[in-house]
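One chain follows as structure tokens, the form predicted on its own.
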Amino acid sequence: MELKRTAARFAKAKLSEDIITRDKICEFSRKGWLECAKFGLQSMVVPEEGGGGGLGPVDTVSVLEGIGLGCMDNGLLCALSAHIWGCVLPILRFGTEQQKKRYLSPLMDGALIGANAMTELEAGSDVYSLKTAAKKKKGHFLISGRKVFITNAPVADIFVVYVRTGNRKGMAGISCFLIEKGAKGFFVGKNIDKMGLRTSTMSEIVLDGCRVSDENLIGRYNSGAVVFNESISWERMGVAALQLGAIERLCNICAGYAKTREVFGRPIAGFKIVSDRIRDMELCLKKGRALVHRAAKARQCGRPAFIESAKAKLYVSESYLRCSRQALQIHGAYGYMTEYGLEREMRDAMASTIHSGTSEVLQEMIRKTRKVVR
């Protein structure tokens, strides 16, 4: 609990500056990014001997829940998630010693921003239908293709890119590469204007015969699916923990408002419909926390927790959207106004049911797992 409280205090004090203005103009907070690095967020899962915080899964989700509770800049947290789980973790778990030595330190201290490039026009939810391909040459690869909806791309310095390196369909024949910004044949598009998470930058990237050294391969050749599955499992658990914090923040805001807002001569907290809405939010928080910590404890015990993370992400993201809707309704017309931040929260919550696996894909994945178990 102390980790969560410390993280919440830090986030509340340092990470929400000018959020209304920055949301309007789609501005990424470099200042907030560096504050996060100073606090240790980008390095928290890296072992202490590697210069990181050395946090295990249970402590990690506690910290992230506190960050979500204190920070109103959900776009910044989205950027952090893409950086930590999509870039730092793959290098940490599967990178060569040379890759770790070159990239981990600047990725941890905020000097470099990382991005993860998997999604394509025809490979979104069906992530293994990649068209971007690499041709093996002597000592290097030539990669061509197009990636879309890449979080952090406009501001990123280093990209973890998944491409097809074999002729087999599906998971087999995918490899993972590190590509630096500015590489010949590597182009980053303009920032995409979005409905929510507007302080998180996003664009497409194009690879046109991009030359990548053999030394930039992460993990084994044709085993990129292993890297991605590890990354996405951690990511789903991590973003669910952040969203738990956001739900708790909404609960606190609504409980306080209901006690002071009066209608017909009495606080609206005394109306059953309002108190029922707040209790529903609190129940979502309680159930979601149990699922997130179940996934974290499974990982702490050495299990991959792939399905546990999927269940946590599915329930918490849907609950986050539900609770943001409840919060806006409780506040009535005030909730609809930009200055109160609840309309922004609802816009951001919409994205939570889409990124890191849509709710529909996660439901199907969980359903198939249950069918196999039976």
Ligand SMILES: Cc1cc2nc3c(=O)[nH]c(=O)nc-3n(C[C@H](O)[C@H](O)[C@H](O)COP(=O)(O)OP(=O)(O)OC[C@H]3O[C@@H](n4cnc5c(N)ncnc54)[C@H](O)[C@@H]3O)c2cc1C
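Computed from a predicted structure; not experimentally measured. Quick note: we count residues from 1 along the sequence shown, nothing fancier.
Omitted from view is the form predicted in complex with the named molecule, to which the following refers.
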Segment that reaches the named molecule in the predicted complex - one of 261-269, 144-152, 243-251, 279-287, heavy atoms within 4.5 Å: 144-152
Quick check on this chain: which one of I205, M72, V212, M118 has a heavy atom within 4.5 Å of the named molecule in the predicted complex? M118
Since exactly one of L197, A296, I113, C176 fits, which has a heavy atom within 4.5 Å of the named molecule in the predicted complex? L197
Does I20 reach the named molecule in the predicted complex, with heavy atoms at most 4.5 Å apart? no
I354: heavy atom within 4.5 Å of the named molecule in the predicted complex? yes
Taking 4.5 angstroms as the cut-off for heavy atoms, does I366 touch the named molecule in the predicted complex? no
Do T358 and the named molecule share at least one heavy atom pair within 4.5 Å in the predicted complex? yes
